[in-house]
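In structure tokens, one chain follows: the form predicted alone.
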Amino acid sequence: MSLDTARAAVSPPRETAARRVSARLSRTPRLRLGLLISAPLAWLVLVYVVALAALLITALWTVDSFTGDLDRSAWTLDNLRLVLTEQLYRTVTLRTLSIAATVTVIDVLVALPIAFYMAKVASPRVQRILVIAVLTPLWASYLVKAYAWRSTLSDGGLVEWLGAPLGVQSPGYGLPAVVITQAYIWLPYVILPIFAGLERVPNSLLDASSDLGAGTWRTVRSVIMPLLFPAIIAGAIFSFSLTLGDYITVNIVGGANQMLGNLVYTNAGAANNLPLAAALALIPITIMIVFLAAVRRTGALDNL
């Protein structure tokens, strides 16, 4: 082998543009992280931030009372002022907020024992069966489940038929029917986070609590609940937010009652008042921002 051939064999590879970029990225982890999250961050800004800005701008427009067309030339706060001062909108807002809170409390109370049995008591085979049972309703159509409850709660329906020997009557269509239907529809979204949170609680902590003389309720209160709190908050966020923005269930089983979603839908569609619909849509958005801010102060979101 000649000297030139030997030198060529041991010479370092030629530095290309790709190698320089790769070397730069390996030395700057922040730049690498920024490039990785730039695409989803751009999508988040485009879909959420820009959409919310467009919603706020739309709420400042007016509708020509003669032609029914949008007037984008002059911006006004009349729609926002109307939403804040009109008694109808305050009543519907409080009603929607109370229904969302009630559904969330019911779902958490029902989900806790179910998730605990699935995670800590059931055998692996039974646990798989229960997980499938919880997931199965998610494959059914939202409308199918809502109309199933409409049939169940109707006069002469399943509830009235089963409760007849005991003198139990169906609640019929109204706010109780809305709460029952919503609690059923969103229950899997609450069970699954709590089940996942309970699976992360080591059994050794429960054994140690028992060995130290703590009873069942003391163990639940002092050991399980502090560790499970972030999972409960995650499930509550799902149930609360989905109920807050829903407008279909109340149309199906709510009778003549209205929620914020109905008002937004009506003004955006039949009433052809898009600025007022946008102003109304800002109410649940504001409620969720306040709710998430309050939850964040508890530190629960830090452990999700």
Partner chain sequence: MTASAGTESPPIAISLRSVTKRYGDVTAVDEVDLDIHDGEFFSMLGPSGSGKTTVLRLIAGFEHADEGRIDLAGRDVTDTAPFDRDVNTVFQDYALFPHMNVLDNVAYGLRVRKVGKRERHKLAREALDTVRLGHLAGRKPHQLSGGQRQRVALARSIVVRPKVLLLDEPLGALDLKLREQMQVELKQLQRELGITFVFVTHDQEEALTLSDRIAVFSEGRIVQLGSPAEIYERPRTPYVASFVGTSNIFDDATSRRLLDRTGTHALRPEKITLSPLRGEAPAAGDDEIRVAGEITEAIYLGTGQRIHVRLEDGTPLVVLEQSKSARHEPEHRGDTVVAAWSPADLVPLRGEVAPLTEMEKS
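Quick caveat, the model's predicted, so the values are computed rather than measured. Residue numbers count along the first chain shown, from 1.
What comes next is about the form predicted together with the partner chain, which is not displayed.
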| item | value |
| --- | --- |
| Region of this chain that lies against the partner chain in the model of the complex, out of 204-212, 97-105, 187-195, 131-139 [heavy atom, 4.5 Å] | 204-212 |
| Contact test in the model of the complex: Ile180 vs the partner chain, heavy atoms, 4.5 Å | no |
| 4.5 angstroms heavy atom contact with the partner chain in the model of the complex for Val223 | yes |
| Interface membership of Gln127, the partner chain in the model of the complex, 4.5 Å heavy atom rule | no |
| Touches the partner chain in the model of the complex: Leu227 (any heavy atom, 4.5 Å) | yes |
| Listed residue that, although the partner chain is not shown, lies within 4.5 Å of it in the model of the complex (heavy atoms), from Lys120, Arg90, Arg218, Arg81 | Arg218 |
